[in-house]
Every structure is written in C-alpha cells, then in structure tokens.
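Here's a solo chain for you in structure tokens, the form predicted on its own.
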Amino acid sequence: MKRKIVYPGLMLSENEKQAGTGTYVQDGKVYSLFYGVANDKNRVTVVPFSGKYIPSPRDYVIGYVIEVTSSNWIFDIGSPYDGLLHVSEYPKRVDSSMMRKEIGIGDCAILRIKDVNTSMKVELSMKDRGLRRLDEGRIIDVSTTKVPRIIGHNGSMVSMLKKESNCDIFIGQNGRIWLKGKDEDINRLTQAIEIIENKSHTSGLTNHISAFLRYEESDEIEEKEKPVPFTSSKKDYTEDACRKVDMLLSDEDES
C-alpha cells in the first residue's frame, strides 16, 4: 500500500501485527482511526489532517504540570489525555514534600511517553538523557500534522533551522516546540516556522527558509508584516483539570 487518503473505519490490513499509530485493531484486522494519510512503511500508520495529539509510546513531548500529588505529577501534553509522571520516573530521588519545588504547577518539561494502555492512561518518564524541566526559552505551538515537515527528511529542516537561527530547538511530537536564543533570533525563527506550516507542501522549502533566516531575498516566500511571536502562558486549570486528575489517580489505585 502506497500513501493514500483514508477515513475512519477503513480497513488497512488483515495483519494485526502491522497496526501502528492512528489505527485500531478489531477482529484481527487493522482499521484507520482518522481521516488522513496512511502509510505502510514498516507498520501501517495514519497521520490525521487535523486534530489533537494522540499519545503513543516512545514519543517525546513537552508538557505543563497541572497538578502535583504525593507521588505523581500530572501533565497537560496537548492531548485529550493528560500524562502521569510517577516520582520513580524522575531522574533523581525526590521526597513527596519536595515534589512541588522540583516541578511546580505551571512548569514545563521535556518528557517521553513510557506507556499508553487501552483506556488511554498515559504514563510518562524523565529518565532518558536530555529530558528535563525547561527553565528558560520560549514555547510555541504548531499543528501536530506539521511536525514531520518541520523536522524534515533525516532531520534536514530542523538542522538548518538551528544553524541559521543560532537557536537551540526541541520539537515535541505533540506539536510544542521549545526555542532558546536571543529574542530577535527567536522572533525570526518563529516567523520561519509559521512559513513552514503555511507552505509545508512547497518543494525546495528548506532552501527558501534558509534564505529567509539569512535575510536574503526569495521570490517564493512572502514575509508577513509585523508577525507577533507568541509565548505559551500558564493555564488556569479548574474543575475540568481536577476531574481528569481524579480519574487518573483512581485508575492508578485500581491497578
């Protein structure tokens, strides 16, 4: 099967072992979970045209703490499903009384999706190299469907972005991107990422963006006047967040 547009419920394979992200298995067959583009390289996967991020094991994401319990941090990971980071998955030993000082409500961090069970309970980890709390820089949000284009083939686009912008970049698979550098460099890089989002199907886009970041003329790119860079702000979580926390913790108690 080559890449093709699919819709929810369309059968993609009769081999359940081929099921990948964006699919589900029923009666030993693999079906599409979304309206999007299917690919059968290694496994059958479906990339949705739009929609919220759906967590998958081994994904690297950026999350915000929305609650701290005696043994867990609860993270908003830009998905309908919040993530649970148990204290045992933190890089160092932390007493429950010190958890809020390590990562408090509103703080953000780079995390790995450790596991997602059938009821979409999302377990997180911070034990891999490079996973950490983010204390500086700026976080912007993009559509999760544009993440592969921003990374580029074999990382070509993101490598160029780092080089030409003089900024550090981390791209979460949940559509959150962390940028660190001088304010003027981050502003220019934010504009470049917006252009990639809007022109993701343009051939030769890497070269066009490279020229844009070097302030060179390009016939293929139209700059937006006075773009407004945006910085993620801490959210005001109320009853809905508490309800999700209660559900996650009840699941944990039952297990």
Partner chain sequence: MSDKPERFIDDEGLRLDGRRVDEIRPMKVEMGVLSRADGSCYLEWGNNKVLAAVYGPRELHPRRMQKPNEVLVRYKYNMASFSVEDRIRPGPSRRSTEISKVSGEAFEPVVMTQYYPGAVIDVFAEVLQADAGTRTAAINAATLALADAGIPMKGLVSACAVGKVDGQLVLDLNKPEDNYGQADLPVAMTQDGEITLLQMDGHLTPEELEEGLEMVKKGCQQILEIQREALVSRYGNEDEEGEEAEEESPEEVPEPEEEEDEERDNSFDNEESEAENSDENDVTEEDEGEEDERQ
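Numbering follows the first chain given and starts at 1. Owing to the predicted nature of the structure, the values given are computational and were not obtained by experimental measurement. Only the largest set of C-alpha atoms that superpose within 1.5 Å between the two forms is called the rigid core.
Only in words, not in the display: the form predicted together with its partner chain, which the text now covers.
Visitor: What is the one choice in Ile105, Val87, Ile139, Ile151 with a heavy atom within 4.5 Å of its partner chain in the predicted bound form?
Guide: Here the answer is residue option Ile151.
Visitor: In the predicted bound form, is there a heavy atom of its partner chain that lies within 4.5 Å of any heavy atom of Arg100, even though the partner is absent here?
Guide: Outside the cut-off, so no.
Visitor: Is the gap between Phe49 and its partner chain in the predicted bound form 4.5 Å or less for some heavy atom pair?
Guide: Output for Phe49 is yes: heavy atoms within 4.5 Å of its partner chain.
Visitor: Please tell me whether any heavy atom belonging to Phe212 falls inside 4.5 Å of a heavy atom of its partner chain, as the geometry stands in the predicted bound form.
Guide: No.
Visitor: Please tell me whether any heavy atom belonging to Thr190 falls inside 4.5 Å of a heavy atom of its partner chain, as the geometry stands in the predicted bound form.
Guide: No - in the predicted bound form, heavy atoms of Thr190 and its partner chain never come within 4.5 Å of each other.
Visitor: Using a 4.5 Å cut-off on heavy atoms, what residues in 80-96 are near its partner chain in the predicted bound form?
Guide: If the 4.5 Å heavy-atom criterion is applied to its partner chain in the predicted bound form, 80-96 yields Pro80, Tyr81, Asp82.
Visitor: Given a superposition on the rigid core, I'd like a yes or no on whether Val44 shifts its C-alpha by 2 Å or more between the shown form and the other one.
Guide: Yes; Val44 is a residue whose C-alpha shifts (by 2 Å or more) between the shown form and the other one when the cores are overlaid.
Visitor: With a shift of at least 3 angstroms, figure out whether the C-alpha spacing between Gly36 and Leu205 grows or shrinks in the predicted bound form: closer or farther?
Guide: It is closer: in the predicted bound form, the C-alpha atoms of Gly36 and Leu205 lie at least 3 Å nearer than they do here.
Visitor: Hey, the CA atoms of Val44 and Asp128 end up closer or farther in the predicted bound form than in the shown form, with the change being 3 Å or more?
Guide: Their C-alpha distance grows by at least 3 Å in the predicted bound form.
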